[in-house]
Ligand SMILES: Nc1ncnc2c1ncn2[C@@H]1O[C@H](COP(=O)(O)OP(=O)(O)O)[C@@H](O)[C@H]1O
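The data below hold one chain only, encoded as structure tokens and taken in the form predicted alone.
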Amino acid sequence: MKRKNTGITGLDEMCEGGFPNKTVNLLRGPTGSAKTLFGLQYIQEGMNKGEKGLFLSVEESRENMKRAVESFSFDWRPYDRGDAYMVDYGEIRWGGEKDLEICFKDLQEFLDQFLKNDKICRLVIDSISAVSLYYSSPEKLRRNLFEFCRFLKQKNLVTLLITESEKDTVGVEGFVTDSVIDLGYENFNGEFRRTLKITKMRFTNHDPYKHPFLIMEDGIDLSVDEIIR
């Protein structure tokens, strides 16, 4: 099965080489667990392979995202010249206001137009937490997210949806998406450690254990040989 490498040191060997093509993958974790960095690294890996990606920021401004990119060893210039795209959705839709409601249909309509302009195969949406709050019940959320995921697969994208979560249970989003990766920022005997666990991944034999990782200058470095019980 063809796959997209994540670009995360150690993770690809845990899941047969990366995310399968035409899949929607959920990345969850609390504040400070390196979710946005994971998404940036995934897009960067695509650029390294000549694959165009779109990082759609729902909550953070383009200026803040540029600072995040440049705080690591990633190069912002490819975003300026169109090798990849960094889009501030709030700025485009509302002129920078971040408190207005958004639903998956809004995102789908935007992406349907944007994807006509270029051949994009990697997509990161950071994050869908605010979108999920739009729906009054888990049933409506599940139905609308399912339709959105089907649209993304029809566009031949390998998508990473980022969401805020303090839990590692599957939840509504986890049932709908093809994979769930849980990031953690936990206190182990007085020492805070960042962790990663593949909770679910369809079409893939994957490592189910929790592993620690460090944030290095060039991104996330996962310690596959160390398991946290």
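A residue's number is simply how far along the shown sequence it sits, counting from 1. Source: prediction; values computed, not measured.
Another form, the form predicted together with the named molecule, is not on view; read the next lines as being about it.
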- request: Considering the named molecule in the model of the complex, find the one stretch among 198 to 206, 42 to 50, 26 to 34, 172 to 180 with heavy atoms no farther than 4.5 Å from it.
  value: 26 to 34
query: Hey, in the model of the complex, is residue 72 touching the named molecule, heavy atoms inside 4.5 Å?
result: yes
- prompt: Does anything in 194 to 226 come within 4.5 Å of the named molecule in the model of the complex by heavy atoms, and if so which residues, in order?
  reply: 194, 215
